[in-house]
Each structure stands twice: as C-alpha cells, then as structure tokens.
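There is one chain below, alone, in structure tokens, taken in the form predicted on its own.
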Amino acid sequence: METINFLITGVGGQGTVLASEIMAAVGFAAGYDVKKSDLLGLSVRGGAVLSHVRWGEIVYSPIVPEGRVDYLIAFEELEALRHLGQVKSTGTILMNQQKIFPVLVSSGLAEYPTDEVIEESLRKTSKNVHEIPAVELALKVGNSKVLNIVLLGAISALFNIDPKIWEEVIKERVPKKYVDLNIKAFNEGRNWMKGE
C-alpha cells in the first residue's frame, strides 16, 4: 500500500485545520496508518495555514516529502500557487475558486496574480485540476463557512471509501446544531465532483 500524501492549504478562518482533522480521521477509519501536521501562519485569522496529512500502511513522518504531494487541496487561489511545486506530475489539485487579498496586495505593494497566470500555472503542474466553486456551493446549502466541508465532499468522490465513513467523522467533529448543514455541504461537494 503506497502512502497517499495530502497538502491542505488556505487562510486562517477558512476551516483548513478542521478539514485536516477530518481527513486524518477518515484515513484512520478506512484502515490506514495516519500522520498529520498543521503549520499555522503568524496570525490565525488571515495568516497562511498549511496541513500535511498522510495515509499509508506504515507512515513514519507527518511531513510530506518535498515534491511528493498526491492531492493538493487549496482553499484559496494564491495559496494554491504557493504550493504547486510540491505536487507530483501525476498529482491532483482541488482549488476553491476564491481570492483573499493579502495585506501587501490590499495596501498596493504587490499584485495578485491574474486569472490567466493562475490557470497557466495550474495546467503546467498537473493534468488533474478541479477548480471548485466551493463558496457558491456552501451558500447554496445556507452558509459560506462550510466551504471546507464542500471541498472534503469533492475529494471524497475520488476515493473508494464509503461516504458514510466521511459523514460519521464529520458528525463527530462539528457542533451538533450544525451537523445537518455540514452533511448537506459534504453531499453538495461530492455531487459537484461526480457531475464535473
């Protein structure tokens, strides 16, 4: 069983750490050995967040080796670009279609990459790119904050793991009053990916 390497990247406040916890728990429930590591930016809300999750028969380190990412899950477009160098040529990229301007951009000291630059960079890196309107799909079920669960629903469609396992893990990790909303978000992302 080869180790499957995930890199989850986004901006503080988007739910990336919860997503990495769910990914790790799903891997464990599916019978893998799992290791995970979260790296938080200088400010939790607004700073960069990067999570490594690894599933395998025996996983020794929580950190994905350089250039060995099988699945990049990017919650924001610039964060996707920052980590493209880590993705294998056979890797898969799932990117939320959302721009969050860093302070340098909003203050006029730097420019955000154009859509053309983003698109070209993604396509140069991998043939397996999924640009997901996660915020739009999250709003469809009632709350933009569940975009993280929409993205997990999307990636779940790429694995032969019973969706009930994903749903059980989500139920265990979100507040009870938001369980239904999160399950709807998961299914919205999963259905979007299956219909892509």
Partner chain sequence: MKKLMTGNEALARGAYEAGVKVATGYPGTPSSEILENIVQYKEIYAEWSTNEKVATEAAIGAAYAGQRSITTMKQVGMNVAADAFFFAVYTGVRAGLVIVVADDPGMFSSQNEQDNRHYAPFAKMPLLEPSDSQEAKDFVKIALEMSEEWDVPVLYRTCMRVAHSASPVEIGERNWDDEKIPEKWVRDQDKYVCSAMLAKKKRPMIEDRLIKLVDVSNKISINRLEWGDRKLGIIASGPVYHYAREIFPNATFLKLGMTYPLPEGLIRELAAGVDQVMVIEELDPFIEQQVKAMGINCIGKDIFPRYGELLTGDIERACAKAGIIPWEKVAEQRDVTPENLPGRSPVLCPGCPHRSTFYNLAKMKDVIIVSDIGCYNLGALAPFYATDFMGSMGAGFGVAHGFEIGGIEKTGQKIIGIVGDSTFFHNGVTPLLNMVHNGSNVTLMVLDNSTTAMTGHQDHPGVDYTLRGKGTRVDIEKMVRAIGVEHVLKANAFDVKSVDSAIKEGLNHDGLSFIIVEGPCFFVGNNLKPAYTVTSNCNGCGTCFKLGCSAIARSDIVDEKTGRRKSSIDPVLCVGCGICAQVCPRKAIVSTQAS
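Quick caveat: nothing in here was measured; it's all calculated off a predicted structure. Positions refer to the first chain, counted from 1.
What comes next is about the form predicted together with its partner chain, which is not displayed.
Though the partner is left out of this view, Glu57 does not reach within 4.5 Å of its partner chain in the predicted bound form, counting heavy atoms only. Not displayed here, its partner chain is approached by Pro62 to within 4.5 Å at the level of heavy atoms in the predicted bound form. Using a 4.5 angstroms threshold between heavy atoms, Ala25 counts as touching its partner chain in the predicted bound form. Under a 4.5 angstroms non-hydrogen atom cutoff, its partner chain in the predicted bound form lacks Met95 among its neighbouring residues. Of the residues given (Glu131, Glu136, Asp33, Asp162), Asp33 alone sits with a heavy atom within 4.5 Å of its partner chain in the predicted bound form. Contacts of stretch 85 to 107 with its partner chain in the predicted bound form, defined by any heavy atom lying within 4.5 Å, are made by Gly85, Gln86, Val87, Lys88, Ser89, Ile100, Phe101, Pro102, Val103, Leu104, Val105, Ser106, Ser107, listed in sequence order.
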